[in-house]
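Given next, in C-alpha cells, is a single chain: the form predicted alone.
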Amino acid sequence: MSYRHVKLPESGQKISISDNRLVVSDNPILGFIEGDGIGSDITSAAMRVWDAAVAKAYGGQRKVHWAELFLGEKAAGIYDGDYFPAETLDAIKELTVAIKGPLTTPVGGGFRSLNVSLRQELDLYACVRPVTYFSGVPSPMKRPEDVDVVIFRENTEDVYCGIEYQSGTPENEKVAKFLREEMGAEFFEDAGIGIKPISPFGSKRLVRKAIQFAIDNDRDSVTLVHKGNIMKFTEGAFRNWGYELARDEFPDQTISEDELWEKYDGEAPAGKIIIKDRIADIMFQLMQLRPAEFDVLATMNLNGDYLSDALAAEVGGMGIAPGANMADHVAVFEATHGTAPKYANLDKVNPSSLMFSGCMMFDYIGWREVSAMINQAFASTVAAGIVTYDFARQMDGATEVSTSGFADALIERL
C-alpha cells in the first residue's frame, strides 16, 4: 500500500495473522504515534528503553523496526490541517500493532476526541488497563500490594458512542418530542439528550476477551461491573449477557459465584474461573477495602473510564498507568494520561505510562522477556530513589531526574 507521508521501513516484516493468531518475525515492523504536548519527550525516552531491553533480552537476535504514523497536532501540520488522516488508520490496519502518545482533545467544543474516533474507526472494542503495584512507589493505600487487577472496558458503546442532541437544536426538539409524545418519557425542558446503546454483541465480545485473558494468564476470577439495579435494560443486560456468554462458551473453564456457594461451599474447583458481578458504585469501595478479592474486571465504557483512573491512583497514578485498545487482532497501545502541554519539551514528566504500555505491547506479540526485564529495571530504579518529579515530591530522600534521565537510569539497570 502506498502512503502520502507514512514511510514503512524497508527492513523488517509486517505482523500477519494465521489460525487466528499473530505471526511475528524476529524483525517486526511496529507503528508509533509520537503524540501531542509531552508526547515527544516520553516517546523518545520510552523507545530508548524498549530498544535497549530488546537488544539485551535477545542478544541482538531480535529488533523492532519502527514506522512513524501521524495523528493529532503533528498530523495537522503535514496533512493540511487534518488531525485524523485516513492513511494512518490504513497503516495501523496493515501493521496490526502500534503504540501512541497522548493526543489533544478539546473540552466542550472543537474536533471530537481523537482517541474515541480511533477506537471506533478501527473497532478497537476492548480498552485493557492492568493495574498493579511496584514496591516503593508512593501510594495512598495502606496495602497497595493487594491491588493487581486488569480492567476490560467496552470501547464502542455506552454514552461514548457520541449519540447526543444539543439543547435548543431542531434535532433535540425532534427527539424530545418523540420521547414525550410517543414513549411517555418525562424530563425537563431544554435538556441535552444522549443515547446509551448496550448490545448483546458488544457486551459478549468484551466479556469473551476478558475471560480468555483470565484463562491465558491463570487469573482466578472475572467480575462484571455494572449499574444494573437502576439501568436494567442496558447495564443490567450487560451483566446478564456476560453470565450467558460464560455459560455458553466457557462451560468447562468457568463457574458462577452462585454455583460456587451452592455446589462447592465457596471453594473453587481446580481450573475454574469464578464469574461474579458487582454494582459499580460498590466496586469503588471494594477496590479500596478488599482489592485482593478481584482479578479481572469487565465493564462498560463510562464505568471503565472512572474505574481505571481511580484504581491507577491506588498504585501511583496515571503517570505509570498503561493501557491498550484492542480489536480481535489489531491493537493500539497508549499512554493513558493527557498531553500536559505546560510541560511539553521540558524533559520533566514521567514516561512510565507509555513505557509500560510498550511492555503490554511486547507481551501481546509474545516477547515477554522484554516486559519482564523492564519491570525489574523499573522496580530497582525506584528502590534506589531515582524518580521523576511526580514521585520525588512524595518521597523522602529521592533523587529527582528528568524524563530522559529516568530512561538512562532504567537502561543502566536492565
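Numbers for residues come from their place in the sequence shown, where the first is 1. These numbers come from a predicted model, not from an experiment.
Another form exists, predicted in complex with a small molecule; not displayed. Remarks below refer to it.
Novice: With the partner left out here, check for me: in the predicted complex, does some heavy atom of Asn350 sit within 4.5 Å of the small molecule?
Specialist: Yes, contact at 4.5 Å.
Novice: Applying a 4.5 Å heavy atom distance criterion, does Gly319 contact the small molecule in the predicted complex?
Specialist: Gly319: contacts the small molecule in the predicted complex.
Novice: Taking the shortest heavy atom distance, is Tyr343 within 4.5 Å of the small molecule in the predicted complex?
Specialist: Within the cut-off, so yes.
Novice: Taking the small molecule as it sits in the predicted complex, is Lys100 near enough to touch it, meaning that at least one heavy atom pair lies within 4.5 angstroms?
Specialist: Although the small molecule is absent here, Lys100 would touch it in the predicted complex, with heavy atoms inside 4.5 Å.
Novice: Looking at Asn301, Ser221, Asn115, Ser308, which has any heavy atom no more than 4.5 Å from the small molecule in the predicted complex?
Specialist: Only one option qualifies, and that one is Asn115.
Novice: Name the residue from Thr156, Thr104, Thr96, Thr88 that puts a heavy atom within 4.5 Å of the small molecule in the predicted complex.
Specialist: None of the other options qualify; the answer is Thr104.
Novice: In the predicted complex, do Ser203, Arg205 and Glu257 all put a heavy atom within 4.5 Å of the small molecule?
Specialist: The answer is no: none of the three residues contacts the partner (heavy atom, 4.5 Å cut-off).
Novice: Based on heavy atom distances of 4.5 Å or less, which listed stretch (167 to 175, 262 to 270, 334 to 342, 228 to 236) is in contact with the small molecule in the predicted complex?
Specialist: Comparing against the small molecule in the predicted complex, the contact stretch is 334 to 342.
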